[in-house]
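Here you get one chain, nothing else, as structure tokens; it is the form predicted on its own.
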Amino acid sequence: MSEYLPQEVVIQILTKLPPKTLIKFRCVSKTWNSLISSPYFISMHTQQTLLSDSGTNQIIVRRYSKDQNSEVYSVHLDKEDQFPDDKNIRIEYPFRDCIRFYYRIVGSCNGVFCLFDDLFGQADSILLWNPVIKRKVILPAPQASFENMEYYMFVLGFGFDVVNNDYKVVRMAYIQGDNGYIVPPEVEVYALSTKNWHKINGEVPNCVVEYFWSQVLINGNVNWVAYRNRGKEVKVENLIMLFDLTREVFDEMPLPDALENELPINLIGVNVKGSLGVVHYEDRIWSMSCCIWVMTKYGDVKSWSKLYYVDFEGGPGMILGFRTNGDVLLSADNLGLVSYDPVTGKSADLGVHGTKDSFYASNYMESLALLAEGKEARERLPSDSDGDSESESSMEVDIDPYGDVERSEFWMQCSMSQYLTALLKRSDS
């Protein structure tokens, strides 16, 4: 590998380099190409990045730009007071012609994103994407098919199985019955190492995770806010449903008493600086404020505390996450991306604009994940040929059955909120 340095030393040096540099270094020799592309090296590089501060000082932001008619991804330094265009890192977006408006981001882990196309129509595809090395994996269709069912809903979770060094996607399929969703859901797990879906052997809780679901990945567990019907008097019982990615088993944790019987659509999970949090909106669509509860010690149900109150001064808002300085990242209807200081109650416009419901923000680290398994995912330009052999669906740009993206967001939010509210009332009757 080197005439002057031992192989172990060369590997240690290489693991400290950024992924884009390593991609270029694969051209140095067949030996370096084989090393950098190996699962062993990719795992070592990921661990080195996690141990450094490079995984905590960057924030990746996704929003839908009406001017560009596309999702836009950009990376920003967390320490900056604003996120101006001249200082951000723009990420090539390769799925511009694959979906109406934008994907649901199931979650991100080690620089890999899981994308799902269920927000503006029938769910059709699930993707894993590493934007920095421009690699994608299109998941095969799950074994269970629901094409003959009139109403159904999918809930996904995504994360990394540390023990088996494997990325996994869990899918829960809920079928609509006469009195609500049929429980338990049908569950399958996709493992990147096998490139296949499989069923799990353990018990699945009789819980429902509603349409506005958002996962929180903590300690190798995917967490969702869920609920179960309890009859006329109690109506619903809200709880945390979690899935252990290594053991592939489900478990439950109670929510604080104040949230246990709230309307489920007004609760959503959030990562609060590495801890499990739950946002309680006063109203899911029109909320002008919210409270954030945090489980300060994961797994200890006595550690739930109401730590934050957020006032959306710029119009109805949505909590996205937290910055390292303790500020809350949120999207406000009239301001775009906002940094909110929960101590002083002051807000700062970060200069990033898009439709309110399209925003996603999280800590971001670059990695080599999907280098071996993924296919090239480059940005498609208008001059590119449309002859793509992948099974991605091409959308007609000049036909828009939903109208403007903001009207579509509002219509989907209102219709699903009304539907779920009516569904809960009917199931209680």
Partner chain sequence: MVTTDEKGPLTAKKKSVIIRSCDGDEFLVSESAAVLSTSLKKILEEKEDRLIHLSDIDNKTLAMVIAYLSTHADDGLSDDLKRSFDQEFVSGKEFDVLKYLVLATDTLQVTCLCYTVAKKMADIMKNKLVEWVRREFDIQNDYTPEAEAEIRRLDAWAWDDRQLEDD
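Residue numbers count along the first chain shown, from 1. Just so we're clear, the structure is a prediction, and the values are computed from it rather than from any experiment.
Although it is not shown, the form predicted in complex with its partner chain is what the next lines describe.
With the partner removed from view, the residue among Arg171, Arg100, Arg135, His280 that has a non-hydrogen atom within 4.5 Å of its partner chain in the predicted complex turns out to be Arg135.
Residue in contact with its partner chain in the predicted complex (any heavy atom within 4.5 Å), chosen from Ser65, Ser43, Asn33, Asn57: Asn33.
Each of Pro6, Lys16 and Arg26 comes within 4.5 Å of its partner chain in the predicted complex, counting any heavy atom. Proximity of Ser70 to its partner chain in the predicted complex falls outside the 4.5 Å heavy atom cutoff. At least one heavy atom of Gln12 is located within 4.5 Å of its partner chain in the predicted complex.
Proximity of Ser52 to its partner chain in the predicted complex falls within the 4.5 Å heavy atom cutoff. Interface residue remark: Ser38 is not counted as part of the site for its partner chain in the predicted complex, having no heavy atom within 4.5 Å.
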